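Here we start with a single chain on its own, the form predicted alone, put down as structure tokens.
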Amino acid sequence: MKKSLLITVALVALISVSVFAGGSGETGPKIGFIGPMTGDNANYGILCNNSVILAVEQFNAKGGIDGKLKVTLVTEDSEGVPEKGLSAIEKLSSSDKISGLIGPVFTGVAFAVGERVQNEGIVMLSPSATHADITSIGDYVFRTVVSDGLQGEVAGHYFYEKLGYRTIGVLYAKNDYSQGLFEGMTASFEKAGGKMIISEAFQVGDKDFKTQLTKIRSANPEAIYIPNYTAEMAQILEQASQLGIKIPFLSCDGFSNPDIYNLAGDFTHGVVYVGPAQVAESLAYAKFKSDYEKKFGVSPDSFATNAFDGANILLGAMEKVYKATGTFDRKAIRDAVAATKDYQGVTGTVNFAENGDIIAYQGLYRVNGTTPEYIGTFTVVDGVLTQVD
């Protein structure tokens, strides 16, 4: 996604939120969204926020809560910074008095906001915070994205057993998301018998990775793992090409964002990455994708798809509680989310584990030019990599 398009989509998103706020009525409940709406990684926040806008619009078009109360969405820009996220949840909780939260989008922000929502008793459903420890914060924290715990296990085993690599180098950002993936994959890869021979880190916001890439090349790993966000990975791939590095690249679910092909399409061929498991395209998903593209002019990524399911689960829980109690009691809404059973979402069947993690599998992809081709669906059972399709 080009920056000019990002700005356009951001404006559409914010205008849409304003329309909801104006037409929801005094007694209608509010839900919140926290994500980066500006900055280098704004595409993640914008795409997810679009999904929540769409979910709320469609819900309200059917009559809203119990056919009479329209829901208002209040979007807050975290800029991908934990401190901004804390300011956002303070406003959403105290001033807007939200009934539930979709987001935050980034793992570091999710850690900070998660502590707050747990203390406040506000349920949150993150579409993209993957660090294994996120849901350990407490019982008000849920996610509709697969935990790094599973992603790291699948990645390490797959890279060793299926791709045949015995040595890997890593280039990761010093943030919770990248470091969590790095640590999880490394533990799995080395347990399988491989060796992480070099790891290089960089600060969030860095643009020049040639020093780290040169060190990694000198160590001569068989592959390089880059568990980062889109803008960073695009720059890494381009600079690796400029340095003449021919070592294969491996990546994570961050690579499933289609913006990578706009930013670095000349350098993506051959990348293998772990991402969301592919499910048979349902009528529900086809409609969601069509509605999304028609409204926003761009396609949803996997996190945006997760956000749509999370928003609808939250809205359904709110309606269930209101019908039963005539209130939007936050604890009751949390309990209703936890009780989700076989929800048929656009991502497939959604169930939550007791700790708030989504019960799911992982997909493997290989990029052909700028087209990700699906390899298969995998999980790890008792330490053994298992293909489930």
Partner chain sequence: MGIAEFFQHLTNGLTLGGIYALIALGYTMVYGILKFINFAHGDVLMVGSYAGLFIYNALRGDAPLGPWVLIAFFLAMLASMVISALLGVTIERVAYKPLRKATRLAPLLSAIGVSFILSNSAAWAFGTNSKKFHYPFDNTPFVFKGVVITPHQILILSVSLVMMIILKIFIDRTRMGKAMRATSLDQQTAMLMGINVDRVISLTFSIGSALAAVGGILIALDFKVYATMGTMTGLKAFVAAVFGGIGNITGAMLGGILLGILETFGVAIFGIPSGLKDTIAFGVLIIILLVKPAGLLGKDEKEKV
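Positions refer to the first chain, counted from 1. This structure is a prediction, so every number in the text was calculated from the model and none was measured.
Just so you know, the form predicted together with its partner chain exists too; it's not on screen, but the next bit is about it.
> Hey, with its partner chain in the predicted complex, do 167, 190 and 377 all fall inside the 4.5 Å heavy atom range?
Result no, not one residue of the spot touches its partner chain.
> Quick one: find which of 201-209, 110-118, 153-161, 94-102 has residues within 4.5 Å of its partner chain in the predicted complex by heavy atom distance.
So the stretch in question is 201-209.
> Any of the heavy atoms of residue 57 lying within 4.5 Å of its partner chain in the predicted complex?
Residue 57: no contact with its partner chain in the predicted complex.
> Indicate whether its partner chain has at least one heavy atom within 4.5 Å of a heavy atom of residue 286 in the predicted complex.
Residue-level check for residue 286: no, no contact with its partner chain.
> Just checking whether residue 39 would be counted as a contact of its partner chain in the predicted complex - the rule being heavy atoms within 4.5 angstroms.
Although its partner chain is absent here, residue 39 would touch it in the predicted complex, with heavy atoms inside 4.5 Å.
> Just checking whether residue 215 would be counted as a contact of its partner chain in the predicted complex - the rule being heavy atoms within 4.5 angstroms.
Yes - in the predicted complex, heavy atoms of residue 215 and its partner chain come within 4.5 Å of each other.
> Looking at 175, 235, 256, 75, which has any heavy atom no more than 4.5 Å from its partner chain in the predicted complex?
It is 235.
> Just give me the single entry in 239, 282, 87, 278 that has a non-hydrogen atom within 4.5 angstroms of its partner chain in the predicted complex.
Comparing distances to its partner chain in the predicted complex, the residue within 4.5 Å is 239.
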